[in-house]
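Listed next as structure tokens is one chain, alone, in the form predicted on its own.
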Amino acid sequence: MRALYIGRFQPYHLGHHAVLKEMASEADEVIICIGSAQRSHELDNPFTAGERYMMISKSLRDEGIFNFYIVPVLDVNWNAVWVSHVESLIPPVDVVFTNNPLIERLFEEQGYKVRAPPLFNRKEYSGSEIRRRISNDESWEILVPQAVVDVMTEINGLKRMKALERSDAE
């Protein structure tokens, strides 16, 4: 079975990680699409697709997981063609895992089997919560795999996020 998982991963966190570990144990191959791949250097989307790729791949490899492919996907801002856009970038898949109602509907309308992965501590394991904690100088490292902390250090991600918070009026 080949499975698909789509997310923005801004940043990749332990909730994503738990879902992907479970998927990787069930599926022969897991296709991970990095959504909104063109977005970066914004408060809600601070990391580039390449940086998110590093966060995901290093985290999974640290767990001994290798049956995955990562594909960046640019936004097309046209829901009627979005699934065909994704299909043009990935090999055929048997099942799509998502908790996003729009993604679920779009793939089901195209005949895909869609499953909702379990949510793991969604209140804390969310990109917006991690970004909020970073902005407020609160502990965030406990919410992400160690590989994400390492990537954030390598790319100087905290400094970037602090700079994104400043306005030109300051």
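Small disclaimer: the values here were computed from a predicted structure and weren't measured. Note that residue numbering follows the sequence shown and begins at 1.
There is another form of this protein, the form predicted together with adenosine-5'-triphosphate, and it is not shown here; the text below is about that form.
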property: Within 4.5 Å of adenosine-5'-triphosphate in the model of the complex, all of 41, 149 and 159 (non-hydrogen atom); result: no
property: Option from 64-72, 115-123, 22-30, 133-141 whose residues, in the model of the complex, bring a heavy atom within 4.5 Å of adenosine-5'-triphosphate; result: 115-123
property: Partner contact for residue 110 in the model of the complex: adenosine-5'-triphosphate, 4.5 angstroms, heavy atom; result: no
property: Proximity of residue 84 to adenosine-5'-triphosphate in the model of the complex, heavy atoms at 4.5 Å; result: no
property: Non-hydrogen atom contact residue 100 with adenosine-5'-triphosphate in the model of the complex at 4.5 angstroms; result: yes
property: Heavy atom of residue 6 within 4.5 Å of adenosine-5'-triphosphate in the model of the complex; result: yes
